[in-house]
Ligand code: DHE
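Next comes just one chain, in structure tokens: the form predicted on its own.
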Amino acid sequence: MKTRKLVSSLKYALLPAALFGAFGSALAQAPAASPTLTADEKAQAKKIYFERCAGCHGVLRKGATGKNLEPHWSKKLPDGSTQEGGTLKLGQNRLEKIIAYGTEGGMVNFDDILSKQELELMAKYIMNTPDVPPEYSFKDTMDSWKVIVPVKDRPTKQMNKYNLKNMFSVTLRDTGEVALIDGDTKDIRSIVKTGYAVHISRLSKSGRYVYVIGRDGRLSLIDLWMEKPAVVAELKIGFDARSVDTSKFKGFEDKYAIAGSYWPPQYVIMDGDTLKPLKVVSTRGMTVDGEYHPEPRVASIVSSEIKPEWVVNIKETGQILLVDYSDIKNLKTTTIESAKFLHDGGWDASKRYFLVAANASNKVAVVDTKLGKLAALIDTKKLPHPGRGANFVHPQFGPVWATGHLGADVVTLISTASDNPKFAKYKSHNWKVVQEMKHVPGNLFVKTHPKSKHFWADAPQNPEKVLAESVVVWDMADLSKPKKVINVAKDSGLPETKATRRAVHPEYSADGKEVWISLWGGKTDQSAIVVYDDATLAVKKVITDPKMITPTGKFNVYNTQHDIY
């Protein structure tokens, strides 16, 4: 029986066609044995690759979360053989099967996304040497900058009557939009045009502005104080991006913003209220193994509240940067060695320590932002994927931070007792894995809330349809086994389909009484957000507006503003 994997489009990036056209890319010469593609075929393959593959395998195909896809291992030898010095040469047929059906190592399936012709095309494309995209300069960044509503013309107070603390910024992935949904009434208050496949929404320290970054590098600034919240400024920071945050240290509230790019590998510092670019900084350099890497992508960024610093995680190099924004002209950066390849992460409950997954190394790195150094490097099961993680007080081990896994059937709990005298009796467990809660592979996000007695985890990348459409809930009083497995697709009341509607990204309301789950179908399928009562685990509301297409990440304003997870 063929192995089937769910497509996780949360991990893939879209680059515009102009990336390889008008900007004049340098086309590398492929070896003679590479399959020939017409200009139209190459253009089509490039688009598919950047929509579906680049996020994991890299623009240059050198690999990260996904395997290296350079042609030196992918194509057969001229004589038709498939081995050279112990290196596997896959060839056309084998590549098609891998792309179509995935692998047990974490490669997802595309047979329900791509046609047979497209599968054949992508196998041929991968056996050709990748093109090198153009750079994106400070001038390019500045030329893209748009202020739609000047600061002087914006409200001086909140002009609507919405409870902004309980507003949700919801990614509508495939339409390139964000829906702002009222958490009290469950009504959509505004749908704003943003970049393609928004990865995250982040809040300014004041809670007034929402910053959303599309995978096409488009950064949008949304003003929640307007009568109908709308985009007031835009900036394109590159061709492919994932991360954004703001300045939160006292005296710098809302002053600056920072956004990280996948291609080119760099980050941009800008004014917080207008997005005017101030500085572009390259992240190219040496890996923790001492080798130069041409594509070290900015994976995630968080903002410290104990120093005027951002924690900037560089995926391919395994380097964590502490960027001091107190003097932008004379930028000071502390470089901390951890492990490859850095991905997502979040704060512990004290907001002093930042924990980030080095998922290809199966480790979690811990940064002490007060001392500015690595506190621990913790071994975990395969492919940790925390999102921001989840913090709670364990009945046996005290304060812990949790991460799920793409490639393992557990949720890992790590002790974060640190030096807090309140938890002195748990200090012997500090920075150790204290428990592995039984789950299923394919988890993307875990979540709890300080006022909740429950812990939630999804599994949208599990190959079993029923598991991908479900979430698992544990009772904090007994974490030895799940309290309930909830079939979100069934609870939605939507007609059953052969296609998988993935249950993804649990998010709490501001008061911790509700949990919102996205039910993510295809672009032409009816999607939904299913809202649960956290105390009873019963369905409270199913949000199914025709305009709400492919909802994925949801970010409650108050919880995101205060890093509550």
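Here the structure is a predicted model, which means the values were calculated and not measured. Just count from 1 along the sequence shown to find any residue number.
What comes next is about the form predicted in complex with this ligand, which does not appear here.
None of Arg218, Arg352, His343, His439 but one reaches within 4.5 angstroms of this ligand in the model of the complex through a heavy atom, and that residue is His343. Contact annotation: of the candidates Val231, Leu322, Ile301, Val280, the single residue with a non-hydrogen atom within 4.5 angstroms of this ligand in the model of the complex is Ile301. Exactly one of the stretches 178-186, 366-374, 489-497, 236-244 approaches this ligand in the model of the complex with heavy atoms within 4.5 Å, and it is 236-244. Taking the partner from the other structure, this ligand in the model of the complex has no heavy atom within 4.5 Å of any heavy atom of Lys124. Under a 4.5 angstroms non-hydrogen atom cutoff, this ligand in the model of the complex lacks Lys248 among its neighbouring residues. In the model of the complex, at least one heavy atom of Phe445 sits within 4.5 Å of a heavy atom of this ligand. This ligand is not shown here, and in the model of the complex it never comes within 4.5 Å of any heavy atom of Arg208. If you take 180-217 and check each residue for a heavy atom within 4.5 Å of this ligand in the model of the complex, you get Val198, His199, Ile200, Arg202, Arg215, in sequence order.
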